[in-house]
Ligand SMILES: Nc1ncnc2c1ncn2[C@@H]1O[C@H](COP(=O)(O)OP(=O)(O)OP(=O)(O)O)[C@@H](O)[C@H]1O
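Only one chain comes next, encoded as C-alpha cells, the form predicted alone.
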Amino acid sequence: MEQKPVLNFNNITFSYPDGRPILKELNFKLFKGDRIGLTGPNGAGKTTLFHLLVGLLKPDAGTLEAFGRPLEKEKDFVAARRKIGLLFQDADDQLFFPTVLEDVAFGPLNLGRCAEEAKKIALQTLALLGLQGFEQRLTHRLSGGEKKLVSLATLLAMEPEVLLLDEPTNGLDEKTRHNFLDILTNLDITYVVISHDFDFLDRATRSIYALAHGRIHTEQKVAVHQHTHAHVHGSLPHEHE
C-alpha cells in the first residue's frame, strides 16, 4: 500500500503584495519519518512555505494538504496546527507569558488538558530538554539560546506529529547548538529544518534540498562536502552550498 504524505504542497504559487512572485507551482511531499533540510538564498520563500502551511499566509493558487485533509478554511488550519509545531526564527515571536512554565503549559491547556495535567506535561518537557529549574524564570531575561530551547519546549509539550524549524541555530553558541542537535536527533518525530548551517543540516537531516527560483528541487540533493583551498586557511575544512 502506497504511503500517503503527511504534508502535501501541490502546485503552490505565491506572490508578495507588490506582485513579485516568490513561489511558482511548487510541489513537495513530506512523509512520516522524513527528516528534511531546506536551504536556499535569502528571499527564496523558505519561511513563506512554512507560513502558508499553518495559515499565516494564503497561496495565490494551488492546494495544501495536511494529514490527508485539504487546508482551505480557517478551521482546517486550526486542526492542522494541533499536529504541526512551527519554531519561528525569532524566539521572541514564540514566547508570550511572564514565566517559562506558563509558556510551556499554554499549549496543553489550549488542547483541553486541565491545569494539573498541563503543568505535569510542561515539567516533563522541560526536563527532557535539560531545563529543570527554569520553571519560574522570566522569559524576557533568558539568553537567546535559552529562549530557543524554551520555544522548542512549547512545541513539544503539544506532542506534534511534525516540526517545522526555521533557522533553529541562529544566535546559538556552540554548546547550545550541540545540545539542540542532540535533542532534535533523539526525537521520534518528522521534521523539516530551514537553515544555512550546513554542518547542522548534515547532522540533523537525512536529505537536504534547495528552494530556488520558486521551487523545491527534490531531484537534486544538496551535497555537503569538504575540500581545500590554496590559501592561508586551506587546511581547515568548511562547508558551503
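Quick caveat: nothing in here was measured; it's all calculated off a predicted structure. A residue's number is simply how far along the shown sequence it sits, counting from 1.
The next section is about a form of this same protein that is not shown, the form predicted in complex with the ligand.
Go through 182-190, 65-73, 46-54, 198-206 and give me the stretch that gets within 4.5 Å of the ligand in the model of the complex, heavy atoms only.
Selected range: 46-54.
Contact residue in the model of the complex, chosen from Glu167, Glu102, Glu159, Glu117 - any heavy atom within 4.5 Å of the ligand:
Contact check passes for Glu167.
May I ask you to check whether Gln89 falls inside a 4.5 Å heavy atom distance of the ligand in the model of the complex?
Flag for Gln89 set to yes.
Would you please decide whether Gly33 lies within 4.5 angstroms of the ligand in the model of the complex, comparing each non-hydrogen atom pair?
Flag for Gly33 set to no.
Does His217 reach the ligand in the model of the complex, with heavy atoms at most 4.5 Å apart?
No.
Residues of 16-30 having any heavy atom within 4.5 Å of the ligand in the model of the complex, listed in sequence order
The stretch 16-30, when checked against the ligand in the model of the complex, contributes Tyr16, Asp18, Arg20, Ile22 at the 4.5 Å heavy-atom cut-off.
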